[in-house]
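Each of the two blocks below gives one form of the same protein chain as C-alpha coordinates; they are labelled structure 1 and structure 2.
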Structure 1
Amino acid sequence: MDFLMLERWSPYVVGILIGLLNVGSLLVSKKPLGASTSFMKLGGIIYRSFDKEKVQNNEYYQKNELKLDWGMMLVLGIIIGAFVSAMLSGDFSLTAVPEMWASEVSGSFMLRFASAVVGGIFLGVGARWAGGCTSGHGISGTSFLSVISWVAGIAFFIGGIAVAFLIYGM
(Lines of atoms letter the chains of each structure in order from A and count residues from 1; the text may use other names and numbers.)
(Lines give C-alpha, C1' and ligand atoms only; values in the text may rest on other atoms or scores of the structure.)
Protein backbone atom coordinates (compact mmCIF):
# COMPACT_ATOMS: atom_id res chain seq x y z
CA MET A 1 0.00 0.00 0.00
CA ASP A 2 3.06 2.29 -0.20
CA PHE A 3 1.78 3.66 -3.53
CA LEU A 4 -0.92 5.51 -1.56
CA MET A 5 1.81 7.60 0.08
CA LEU A 6 3.26 8.90 -3.22
CA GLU A 7 3.00 12.64 -3.89
CA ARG A 8 2.45 11.98 -7.60
CA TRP A 9 1.07 8.89 -9.26
CA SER A 10 1.96 7.63 -12.71
CA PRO A 11 -0.37 9.24 -15.27
CA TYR A 12 -0.53 5.87 -17.05
CA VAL A 13 -1.78 4.09 -13.92
CA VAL A 14 -4.24 6.87 -13.17
CA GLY A 15 -5.49 6.83 -16.78
CA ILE A 16 -6.14 3.10 -16.58
CA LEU A 17 -7.91 3.51 -13.21
CA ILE A 18 -10.13 6.29 -14.57
CA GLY A 19 -10.98 4.10 -17.57
CA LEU A 20 -11.92 1.24 -15.24
CA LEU A 21 -13.99 3.66 -13.15
CA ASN A 22 -15.80 4.73 -16.31
CA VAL A 23 -16.57 1.12 -17.23
CA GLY A 24 -17.67 0.39 -13.65
CA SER A 25 -19.91 3.43 -13.64
CA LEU A 26 -21.58 2.29 -16.85
CA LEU A 27 -22.07 -1.26 -15.56
CA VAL A 28 -23.37 -0.30 -12.11
CA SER A 29 -25.33 2.93 -12.67
CA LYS A 30 -25.92 2.82 -16.45
CA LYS A 31 -24.59 6.39 -16.51
CA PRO A 32 -21.31 7.81 -17.82
CA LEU A 33 -18.91 9.77 -15.61
CA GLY A 34 -19.51 13.50 -15.42
CA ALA A 35 -19.50 16.25 -12.82
CA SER A 36 -21.00 19.46 -14.20
CA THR A 37 -24.62 18.25 -14.05
CA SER A 38 -24.16 17.66 -10.31
CA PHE A 39 -23.26 21.31 -9.78
CA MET A 40 -26.34 22.39 -11.74
CA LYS A 41 -28.54 20.09 -9.68
CA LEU A 42 -27.03 21.33 -6.42
CA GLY A 43 -27.59 24.90 -7.59
CA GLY A 44 -31.23 24.04 -8.30
CA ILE A 45 -31.66 22.43 -4.88
CA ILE A 46 -30.28 25.54 -3.20
CA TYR A 47 -32.27 27.93 -5.43
CA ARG A 48 -35.46 25.93 -4.80
CA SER A 49 -35.33 26.95 -1.13
CA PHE A 50 -35.59 30.60 -2.25
CA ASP A 51 -38.01 30.36 -5.21
CA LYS A 52 -39.64 26.93 -5.50
CA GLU A 53 -42.05 27.93 -8.27
CA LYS A 54 -39.34 29.30 -10.56
CA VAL A 55 -37.30 26.12 -10.20
CA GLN A 56 -40.36 23.92 -10.84
CA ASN A 57 -41.08 25.88 -14.05
CA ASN A 58 -37.47 25.75 -15.26
CA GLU A 59 -37.17 23.51 -18.35
CA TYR A 60 -33.71 22.23 -17.37
CA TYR A 61 -34.82 21.23 -13.89
CA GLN A 62 -37.94 19.55 -15.28
CA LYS A 63 -35.66 17.26 -17.32
CA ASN A 64 -33.09 16.74 -14.55
CA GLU A 65 -34.57 15.61 -11.25
CA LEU A 66 -33.26 17.61 -8.31
CA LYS A 67 -32.14 14.98 -5.85
CA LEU A 68 -28.98 13.72 -4.24
CA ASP A 69 -27.68 11.21 -6.79
CA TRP A 70 -24.60 9.22 -7.71
CA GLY A 71 -23.12 12.19 -9.60
CA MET A 72 -23.14 14.37 -6.50
CA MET A 73 -21.56 11.51 -4.57
CA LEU A 74 -18.88 11.27 -7.29
CA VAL A 75 -18.03 14.96 -6.83
CA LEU A 76 -18.01 14.57 -3.04
CA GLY A 77 -15.81 11.49 -3.44
CA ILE A 78 -13.36 13.46 -5.61
CA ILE A 79 -13.07 16.15 -2.93
CA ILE A 80 -12.69 13.64 -0.08
CA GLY A 81 -10.31 11.46 -2.11
CA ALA A 82 -8.08 14.42 -2.97
CA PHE A 83 -7.95 15.41 0.71
CA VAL A 84 -7.16 11.87 1.88
CA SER A 85 -4.52 11.49 -0.84
CA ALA A 86 -2.86 14.78 0.12
CA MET A 87 -2.87 13.78 3.80
CA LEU A 88 -1.43 10.30 3.12
CA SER A 89 1.33 11.67 0.90
CA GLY A 90 2.24 14.40 3.39
CA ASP A 91 1.64 16.99 0.68
CA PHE A 92 -1.37 18.73 2.30
CA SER A 93 -1.07 22.42 3.13
CA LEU A 94 -3.41 25.38 3.28
CA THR A 95 -2.07 28.13 1.06
CA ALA A 96 -3.82 31.38 0.17
CA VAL A 97 -1.62 31.94 -2.88
CA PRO A 98 0.25 28.90 -4.26
CA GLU A 99 3.97 29.40 -4.84
CA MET A 100 3.74 28.84 -8.61
CA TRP A 101 0.90 31.38 -8.93
CA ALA A 102 2.84 33.93 -6.87
CA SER A 103 5.99 33.52 -8.97
CA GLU A 104 4.24 33.43 -12.37
CA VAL A 105 1.30 35.81 -11.90
CA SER A 106 1.03 37.68 -8.59
CA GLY A 107 1.28 37.29 -4.84
CA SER A 108 -2.06 39.07 -4.39
CA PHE A 109 -4.71 36.97 -2.65
CA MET A 110 -7.53 39.12 -4.07
CA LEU A 111 -6.27 38.66 -7.65
CA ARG A 112 -6.00 34.89 -7.07
CA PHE A 113 -9.51 34.79 -5.54
CA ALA A 114 -11.04 36.90 -8.35
CA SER A 115 -9.32 34.75 -10.98
CA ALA A 116 -10.64 31.59 -9.36
CA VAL A 117 -14.21 32.97 -9.23
CA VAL A 118 -14.17 34.26 -12.82
CA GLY A 119 -12.49 31.07 -14.06
CA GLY A 120 -15.06 28.94 -12.21
CA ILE A 121 -17.92 30.89 -13.78
CA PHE A 122 -16.41 30.50 -17.26
CA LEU A 123 -15.88 26.77 -16.69
CA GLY A 124 -19.44 26.30 -15.41
CA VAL A 125 -21.02 28.22 -18.27
CA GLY A 126 -18.77 26.49 -20.79
CA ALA A 127 -19.59 23.05 -19.42
CA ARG A 128 -23.33 23.71 -19.69
CA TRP A 129 -22.95 25.30 -23.13
CA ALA A 130 -20.95 22.29 -24.35
CA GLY A 131 -23.40 19.85 -22.78
CA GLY A 132 -20.79 18.43 -20.41
CA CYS A 133 -17.48 18.91 -18.67
CA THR A 134 -14.03 17.48 -19.24
CA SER A 135 -14.96 14.24 -17.52
CA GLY A 136 -18.31 13.94 -19.29
CA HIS A 137 -16.93 14.64 -22.75
CA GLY A 138 -13.22 13.87 -22.36
CA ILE A 139 -13.56 10.56 -20.54
CA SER A 140 -17.04 9.17 -21.11
CA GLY A 141 -18.04 10.76 -24.41
CA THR A 142 -14.79 9.95 -26.19
CA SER A 143 -14.99 6.34 -25.00
CA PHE A 144 -18.40 6.17 -26.73
CA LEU A 145 -16.72 7.63 -29.84
CA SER A 146 -19.07 10.63 -29.70
CA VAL A 147 -18.02 13.16 -32.35
CA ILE A 148 -19.10 16.15 -30.23
CA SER A 149 -17.07 14.77 -27.30
CA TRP A 150 -13.99 14.40 -29.48
CA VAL A 151 -14.45 17.98 -30.72
CA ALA A 152 -14.89 19.18 -27.12
CA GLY A 153 -11.83 17.20 -25.97
CA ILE A 154 -9.68 18.71 -28.71
CA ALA A 155 -11.00 22.17 -27.78
CA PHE A 156 -10.06 21.53 -24.11
CA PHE A 157 -6.48 20.84 -25.14
CA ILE A 158 -6.31 23.81 -27.51
CA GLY A 159 -7.68 26.08 -24.77
CA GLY A 160 -5.23 24.71 -22.21
CA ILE A 161 -2.26 25.16 -24.53
CA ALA A 162 -3.37 28.71 -25.41
CA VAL A 163 -3.70 29.66 -21.74
CA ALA A 164 -0.28 28.15 -20.97
CA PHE A 165 1.20 30.32 -23.74
CA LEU A 166 -0.54 33.37 -22.29
CA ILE A 167 0.65 32.70 -18.75
CA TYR A 168 4.15 31.47 -19.48
CA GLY A 169 4.79 33.42 -22.70
CA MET A 170 6.34 30.45 -24.47
Structure 2
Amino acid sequence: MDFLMLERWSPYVVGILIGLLNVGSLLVSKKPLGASTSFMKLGGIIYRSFDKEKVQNNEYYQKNELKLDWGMMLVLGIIIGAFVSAMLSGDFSLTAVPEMWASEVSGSFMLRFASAVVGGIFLGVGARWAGGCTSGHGISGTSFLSVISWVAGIAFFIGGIAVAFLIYGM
Protein backbone atom coordinates (compact mmCIF):
# COMPACT_ATOMS: atom_id res chain seq x y z
CA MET A 1 0.00 0.00 0.00
CA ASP A 2 3.04 2.23 -0.42
CA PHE A 3 1.39 4.15 -3.25
CA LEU A 4 -1.06 5.63 -0.73
CA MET A 5 1.92 7.26 1.03
CA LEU A 6 3.23 8.90 -2.14
CA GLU A 7 2.99 12.68 -2.19
CA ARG A 8 2.01 12.90 -5.86
CA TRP A 9 0.47 10.62 -8.43
CA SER A 10 0.69 11.11 -12.17
CA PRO A 11 -1.96 13.60 -13.37
CA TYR A 12 -3.11 10.96 -15.87
CA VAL A 13 -3.68 8.40 -13.11
CA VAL A 14 -5.58 11.01 -11.10
CA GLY A 15 -7.58 12.01 -14.18
CA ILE A 16 -8.55 8.39 -14.88
CA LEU A 17 -9.59 7.90 -11.24
CA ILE A 18 -11.67 11.08 -11.19
CA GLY A 19 -13.29 10.07 -14.49
CA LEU A 20 -14.14 6.63 -13.07
CA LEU A 21 -15.40 8.30 -9.88
CA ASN A 22 -17.75 10.50 -11.90
CA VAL A 23 -19.13 7.46 -13.71
CA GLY A 24 -19.41 5.59 -10.40
CA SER A 25 -21.26 8.53 -8.88
CA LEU A 26 -23.70 8.56 -11.80
CA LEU A 27 -24.26 4.81 -11.46
CA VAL A 28 -24.69 4.74 -7.69
CA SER A 29 -26.17 8.13 -6.77
CA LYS A 30 -27.44 9.18 -10.22
CA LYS A 31 -25.63 12.47 -9.67
CA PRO A 32 -22.54 13.94 -11.35
CA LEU A 33 -19.65 15.51 -9.40
CA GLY A 34 -20.15 19.19 -8.60
CA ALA A 35 -19.32 21.51 -5.75
CA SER A 36 -20.56 25.06 -6.15
CA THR A 37 -24.25 24.49 -5.36
CA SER A 38 -23.29 23.37 -1.85
CA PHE A 39 -21.67 26.73 -1.06
CA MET A 40 -24.87 28.46 -2.17
CA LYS A 41 -26.92 26.20 0.14
CA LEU A 42 -24.50 26.80 3.01
CA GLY A 43 -24.85 30.56 2.38
CA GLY A 44 -28.64 30.28 2.35
CA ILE A 45 -28.66 28.34 5.62
CA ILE A 46 -26.35 30.89 7.31
CA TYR A 47 -28.35 33.82 5.93
CA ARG A 48 -31.62 32.20 7.06
CA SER A 49 -30.40 32.05 10.64
CA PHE A 50 -30.08 35.86 10.59
CA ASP A 51 -33.07 36.81 8.49
CA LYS A 52 -35.54 34.00 7.95
CA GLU A 53 -38.13 36.05 6.13
CA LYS A 54 -35.73 37.47 3.57
CA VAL A 55 -34.46 34.02 2.58
CA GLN A 56 -37.98 32.56 2.46
CA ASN A 57 -39.02 35.36 0.10
CA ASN A 58 -35.93 35.15 -2.07
CA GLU A 59 -36.74 33.72 -5.47
CA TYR A 60 -33.34 32.07 -5.90
CA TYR A 61 -33.34 30.33 -2.54
CA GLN A 62 -36.93 29.22 -3.15
CA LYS A 63 -35.73 27.21 -6.14
CA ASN A 64 -33.40 25.21 -3.91
CA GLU A 65 -34.07 23.13 -0.87
CA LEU A 66 -31.82 24.49 1.86
CA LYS A 67 -30.91 21.43 3.85
CA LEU A 68 -28.05 19.00 4.28
CA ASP A 69 -27.91 16.97 1.08
CA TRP A 70 -25.73 14.70 -1.08
CA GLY A 71 -23.76 17.61 -2.53
CA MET A 72 -22.90 19.12 0.86
CA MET A 73 -21.74 15.74 2.09
CA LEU A 74 -19.61 15.49 -1.05
CA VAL A 75 -17.86 18.77 -0.20
CA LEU A 76 -17.38 17.66 3.39
CA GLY A 77 -15.94 14.41 2.04
CA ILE A 78 -13.47 16.32 -0.17
CA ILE A 79 -12.08 18.06 2.93
CA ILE A 80 -11.70 14.73 4.74
CA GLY A 81 -10.25 12.89 1.73
CA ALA A 82 -7.67 15.59 1.03
CA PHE A 83 -6.73 15.67 4.71
CA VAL A 84 -6.25 11.88 4.86
CA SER A 85 -4.21 11.88 1.65
CA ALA A 86 -1.99 14.73 2.88
CA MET A 87 -1.49 13.09 6.28
CA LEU A 88 -0.53 9.73 4.74
CA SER A 89 2.22 11.29 2.65
CA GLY A 90 3.34 13.84 5.22
CA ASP A 91 2.25 16.58 2.81
CA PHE A 92 -0.09 18.28 5.31
CA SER A 93 1.06 21.66 6.53
CA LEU A 94 -0.69 24.71 7.87
CA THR A 95 -0.01 27.41 5.29
CA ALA A 96 -1.29 30.96 5.73
CA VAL A 97 0.21 32.45 2.57
CA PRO A 98 0.93 30.09 -0.37
CA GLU A 99 4.59 29.97 -1.35
CA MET A 100 4.21 31.39 -4.86
CA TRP A 101 2.17 34.37 -3.61
CA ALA A 102 4.55 34.94 -0.68
CA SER A 103 7.68 34.95 -2.82
CA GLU A 104 6.35 36.92 -5.78
CA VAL A 105 3.53 39.13 -4.46
CA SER A 106 3.69 39.69 -0.71
CA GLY A 107 4.23 37.83 2.53
CA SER A 108 1.41 39.75 4.22
CA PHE A 109 -1.46 37.54 5.37
CA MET A 110 -3.89 40.47 5.32
CA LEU A 111 -3.27 41.12 1.63
CA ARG A 112 -3.63 37.43 0.82
CA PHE A 113 -6.78 37.26 2.96
CA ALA A 114 -8.30 40.26 1.16
CA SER A 115 -7.47 38.86 -2.29
CA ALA A 116 -8.99 35.52 -1.28
CA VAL A 117 -12.24 37.19 -0.14
CA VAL A 118 -12.53 39.24 -3.32
CA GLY A 119 -11.58 36.24 -5.47
CA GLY A 120 -14.07 34.08 -3.62
CA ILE A 121 -16.86 36.60 -4.23
CA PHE A 122 -16.19 36.57 -7.98
CA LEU A 123 -16.04 32.78 -7.88
CA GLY A 124 -19.35 32.52 -6.04
CA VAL A 125 -21.21 34.97 -8.26
CA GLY A 126 -19.64 33.52 -11.42
CA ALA A 127 -20.37 29.90 -10.52
CA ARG A 128 -24.05 30.65 -9.89
CA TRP A 129 -24.32 32.83 -12.98
CA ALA A 130 -22.73 30.18 -15.18
CA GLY A 131 -24.62 27.38 -13.39
CA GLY A 132 -21.60 25.40 -12.25
CA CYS A 133 -17.91 25.29 -11.45
CA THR A 134 -14.76 23.49 -12.55
CA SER A 135 -16.32 20.18 -11.40
CA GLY A 136 -19.96 20.68 -12.40
CA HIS A 137 -19.26 22.23 -15.80
CA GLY A 138 -15.55 21.48 -16.27
CA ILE A 139 -15.66 17.73 -15.67
CA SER A 140 -19.30 16.60 -15.45
CA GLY A 141 -20.98 18.88 -17.98
CA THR A 142 -18.20 18.57 -20.54
CA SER A 143 -18.33 14.77 -20.41
CA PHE A 144 -22.11 14.97 -20.90
CA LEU A 145 -21.16 16.75 -24.16
CA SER A 146 -23.01 19.90 -23.13
CA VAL A 147 -22.10 22.89 -25.29
CA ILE A 148 -22.81 25.30 -22.41
CA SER A 149 -20.42 23.41 -20.15
CA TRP A 150 -17.62 23.48 -22.72
CA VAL A 151 -18.12 27.25 -23.18
CA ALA A 152 -18.17 27.83 -19.40
CA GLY A 153 -15.10 25.63 -18.86
CA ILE A 154 -13.10 27.53 -21.47
CA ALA A 155 -14.28 30.88 -20.04
CA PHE A 156 -13.10 29.80 -16.54
CA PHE A 157 -9.59 29.37 -17.88
CA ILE A 158 -9.58 32.50 -20.06
CA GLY A 159 -10.57 34.63 -17.05
CA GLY A 160 -8.18 32.80 -14.74
CA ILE A 161 -5.21 33.03 -17.10
CA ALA A 162 -5.85 36.75 -17.69
CA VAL A 163 -5.88 37.50 -13.95
CA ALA A 164 -2.85 35.29 -13.22
CA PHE A 165 -0.87 37.19 -15.86
CA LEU A 166 -2.06 40.52 -14.42
CA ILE A 167 -0.87 39.50 -10.95
CA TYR A 168 2.38 37.79 -11.88
CA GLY A 169 3.29 39.39 -15.22
CA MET A 170 4.26 37.50 -18.33
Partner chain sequence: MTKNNRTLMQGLIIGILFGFFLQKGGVTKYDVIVGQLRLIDFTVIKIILTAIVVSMLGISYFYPKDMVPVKTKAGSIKNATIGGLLFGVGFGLLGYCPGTIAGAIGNGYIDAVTGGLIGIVLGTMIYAMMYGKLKEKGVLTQDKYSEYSLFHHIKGSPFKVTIPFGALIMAVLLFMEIGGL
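These figures come from a predicted structure and were not determined experimentally. Residue positions are counted from 1 along structure 1's sequence. The term rigid core refers to the most C-alpha atoms you can superpose between the two forms while keeping them within 1.5 Å.
Source of structure 2: the form predicted together with the partner chain.
In the core-superposed comparison between the two structures, the C-alpha atom of residue 160 has shifted by at least 2 angstroms. With the core held fixed between the two structures, residue 143 has its Cα displaced by under 2 Å. Core-superposed comparison between the two structures: CA of residue 108 displaced by less than 2 Å.
Its Cα shifted by 2.4 Å, residue 52 is compared between the two structures on a rigid core fit.
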